[in-house]
Structure formats: C-alpha cells, structure tokens
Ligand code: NAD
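One chain comes next, on its own, written out as structure tokens in the form predicted alone.
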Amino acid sequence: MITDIDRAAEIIHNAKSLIALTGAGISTESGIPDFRSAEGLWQKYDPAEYGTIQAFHANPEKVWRMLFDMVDLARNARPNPGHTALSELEKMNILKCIITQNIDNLHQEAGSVNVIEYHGNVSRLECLQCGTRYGDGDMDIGTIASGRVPPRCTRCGVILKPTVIFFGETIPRDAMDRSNSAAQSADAVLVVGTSAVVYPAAGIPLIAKQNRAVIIEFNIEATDLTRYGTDIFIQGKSGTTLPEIVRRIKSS
C-alpha cells in the first residue's frame, strides 16, 4: 500500500525546483515556542507595546526588554532533525531554497545555505539612523543579551534594532522578490510548521500552486491551507516526518 509519505518522497525526489516555506512549528521542537502560544512571548509582552516599529522608535530601551528574551530563546536553541533534514535535501541538490518566517537562524546552523529570511534575523543588528548593519562576528549578540544593555551603533551611538521585522514594517524587498521568483519557478513546495494564513508569506504556496506546483504540507494539525491548497498532508512532528522522507529518498 502506497502511503502519503511514499508519495511525498517520490515527488520530492523527482522535483526539479523544490522549495520550502517554514514557520514557527519547525522550531518548537528546538524549544522556541510560537509567539502566540501559551508559552509564547506575546503572553508576557503585549505586542502593541513591544512588537511595533512605532514602539521601538518611541522607547527602544523598553522594547529591548522583550528582545533580550527573544535573543535568549534563539541562542539557547539548537537545530532539530527537521532542520537537519532540510539541510540534507539541499546538500542532495533537491531542495533549492528555504523561505523561512523564523528569526532564529536555526536553518543556517543546521547547514542550509540558500535561506531567504522573510522576517529578518534576531542575531543581526541595524542602525535606523545611519543604516549601518552588523552581521555575524561584528557584535556578540549573546554577550549583549547577557549584559542586558541595549547595543549601540559604533558610528552614531543610536540604540540598534535587530533586523527582525516589527509590526508596521514592510517585508524587505529583496526577500519578497527572491521568494516570489522561487515560488513562480517551483514544481513542488514543502510547507513546514506554518498555518500559512499570515500574508504576504501565505501567498507563496498559492503563487506556486497557480503554476501547477505540488504542495506538500507538514504540520501537526490541519490548517486552512490543508483544505484549499495542499495536495499531500503529512501529519506529525516535522522532526520525525522530514527525516523519514530523507531516509526513503536515500534508500530508493
């Protein structure tokens, strides 16, 4: 009997332009709760007070109280087997890119190279006054979080902001363009750990679907996408189901 896992593995193995869209669900197994979950940051910090770009402009020191917790979650987490499976698919030259809504850098830590960060990255910083950006190695975000002192721009002294996209900010044009281009050329899309209801990221599978791509969804529960866009739904933890996909491809 051919199962959905079998079908998905065959489609993925034969795909010429496979992409993945990932969300919070892939990182919950690494100990990072969804922002909106019972253990998430929005239970501790009102997003209207801490999560908007207007709030950051008005009182960056206050917003950094939340950002320190965000940094702690990301730097204490490690990639799980789901992240590693996607990295393996890229190394096998099957997966062409990952479009992630996550800000935790776990895909890169797992070894993935072609990662489009739709909502930025908590470990990279930017100055909203002079535009200076600080990447890996420029500042030790872990040390900054340990000291609980908001980092300042070395050029103009202004308190820095992570490249994370706050409410009220637009998705970076480069990330939008690269994501849309990847979706338009995809013949299959892995939707992993996201309900795919928050736009514009939710539009990525639909763009691909319009071009006859196969949508393979990996989630613990069915979503709206399951009902109107998904072709194959793989239910369960992505840290279990994605490695099983890779195992079957390797053994085929």
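Residue positions are given as counts along the sequence shown, with the first one as 1. If you superpose the two forms and keep the largest set of C-alpha atoms that fall within 1.5 Å, you have the rigid core. Note that this is a predicted model, so its numbers are computed, not measured.
The protein also exists as the form predicted together with nicotinamide-adenine-dinucleotide; that form is not presented, and the subsequent description refers to it.
The partner is absent here, but in the model of the complex a heavy atom of A196, alone among A196, I216, A186, V63, sits within 4.5 Å of nicotinamide-adenine-dinucleotide. Among heavy atoms of I204, none comes within 4.5 Å of nicotinamide-adenine-dinucleotide in the model of the complex.
Under a 4.5 angstroms non-hydrogen atom cutoff, nicotinamide-adenine-dinucleotide in the model of the complex lacks P200 among its neighbouring residues. nicotinamide-adenine-dinucleotide is not shown here, but in the model of the complex it comes within 4.5 Å of a heavy atom of A24. Remark: P33 counts among the residues lining nicotinamide-adenine-dinucleotide in the model of the complex, judged by a heavy atom distance of 4.5 Å or less. Annotation for 213-229: interface residues with nicotinamide-adenine-dinucleotide in the model of the complex are F218, N219, I220, E221, T223 [heavy atom within 4.5 Å].
The rigid-core alignment places the CA of G31 less than 2 Å apart between the shown form and the other one. Once both forms are fitted on their core, a CA shift of 2 Å or more is seen for P47 between the shown form and the other one.
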